[in-house]
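Taking the form predicted on its own, here's one chain by itself in structure tokens.
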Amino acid sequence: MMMLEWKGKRLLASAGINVPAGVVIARESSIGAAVAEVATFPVAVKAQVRSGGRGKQGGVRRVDAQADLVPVVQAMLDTSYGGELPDAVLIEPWLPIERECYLSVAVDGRAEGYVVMYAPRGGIDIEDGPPPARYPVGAPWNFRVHALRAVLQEVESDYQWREKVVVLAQRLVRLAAMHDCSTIEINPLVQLSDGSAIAADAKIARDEWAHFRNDEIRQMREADRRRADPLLRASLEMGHMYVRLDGDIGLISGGAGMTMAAMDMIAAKGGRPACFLDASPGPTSTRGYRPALAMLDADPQVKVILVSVFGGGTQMQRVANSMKELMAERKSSKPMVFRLDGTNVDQVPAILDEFGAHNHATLEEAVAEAVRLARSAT
């Protein structure tokens, strides 16, 4: 779960990390009274949304005079970024930037815990540059200053800056472990003209599944669900895992690994998945699949729906019968592609045939068909 930037910066400041002094204007606040607190210009006005790409959509603007501040703030609050209206606007001093770098700490399976990543060039389009240097930490108590220093020596020539990065990274690892953060990203980490370091942005994701032991995360989780539209909320209440993406092939799958494999194959075949949707809870019931299918049917971005389920304990004839029930009540005409495999799969073709569907023998065949249908629909 993503934190808003201003809340993330408060968390960073609690660990002694330097952040700009900002003024937060919530949607329900009086804009005129709030902007009166801003006395020094120029300032950066930043929309507070959880989606990415805000800068490219005009969600960060420079304002040079008090008279221009109210209309810019109002326009920003009225603008949707990535389908999300800002909860607030953050106003910060415009920084005298000498250099922009990248620093993050994230949970990484290959590291069996946390990994620290650093790049000497940060900011917009960081992904277009060389990959960041990696220091696989693992458990937070495995962090070693000399090990990170050795990694940084390969990419960062300024030894004084290196030492600042080492200190920051150590604090980020501790902060992530203490507050159940799966990602803490500072991009850009700014080197100011006096040589000091400051976090100009903060992207912090909390581990949703730590809600049972972390009351702050439990409250964030409940707030996220209250904000969600009714169809998404119904899926989340079923226990499905859903992440919306920018493609046009809706994917209903079972198990995170199989879902990721299907997404990779969609990309390999030239398509673009519209979501990560792991419908493992209730894997054989109509009740389990109904909210997932309704959500994808209602999404105008989705052109075709691929159902890919592999089961050992999950019996495929029960999945197929659930799909038959759903097709009988379905109003949408979006094409659907099926690939069911596993226990009792020999019973599946006859069941799908009852509602005019075909079960593809392999995931490759099913994905190729979904990609073809998505292309023909555009």
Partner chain sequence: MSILLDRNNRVLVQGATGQMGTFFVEDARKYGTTIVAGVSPGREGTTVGADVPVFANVRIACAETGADTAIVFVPPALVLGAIIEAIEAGCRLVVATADELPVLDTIEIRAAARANGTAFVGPNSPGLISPGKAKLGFMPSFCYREGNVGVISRSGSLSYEGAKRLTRAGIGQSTVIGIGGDPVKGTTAAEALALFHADPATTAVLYLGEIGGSEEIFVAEYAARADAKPVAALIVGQTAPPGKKMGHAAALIGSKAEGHEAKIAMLRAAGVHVANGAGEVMAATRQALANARTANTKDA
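Positions refer to the first chain, counted from 1. For clarity, a rigid core is taken as the largest C-alpha set superposing within 1.5 Å between two forms. Only a predicted model underlies this, so the values are computations on that prediction, with no experimental measurement involved.
The protein also exists as the form predicted together with the partner chain; that form is not presented, and the subsequent description refers to it.
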Contact segment among 293-301, 85-93, 133-141, 162-170, judged by heavy atoms lying within 4.5 Å of the partner chain in the model of the complex: 133-141
Proximity to the partner chain in the model of the complex, single hit among A256, V155, A228, I198 (heavy atom within 4.5 Å): A256
Answer option from A223, M260, A234, A75, heavy atom within 4.5 Å of the partner chain in the model of the complex: M260
Close approach of R339 to the partner chain in the model of the complex, 4.5 Å, heavy atom: yes
Contact label in the model of the complex: Q66 to the partner chain, heavy atom within 4.5 Å: no
Partner proximity in the model of the complex: A119 to the partner chain, non-hydrogen atom cutoff 4.5 Å: no
Partner proximity in the model of the complex: V345 to the partner chain, non-hydrogen atom cutoff 4.5 Å: yes
Residues in 209-234 with any heavy atom within 4.5 Å of the partner chain in the model of the complex: W209, A210, F212, R213
Large Cα move at E237 between this form and the one not shown, threshold 2 Å, rigid core: yes
Rigid core fit then S308 CA moved by 2 Å or more between this form and the one not shown: yes
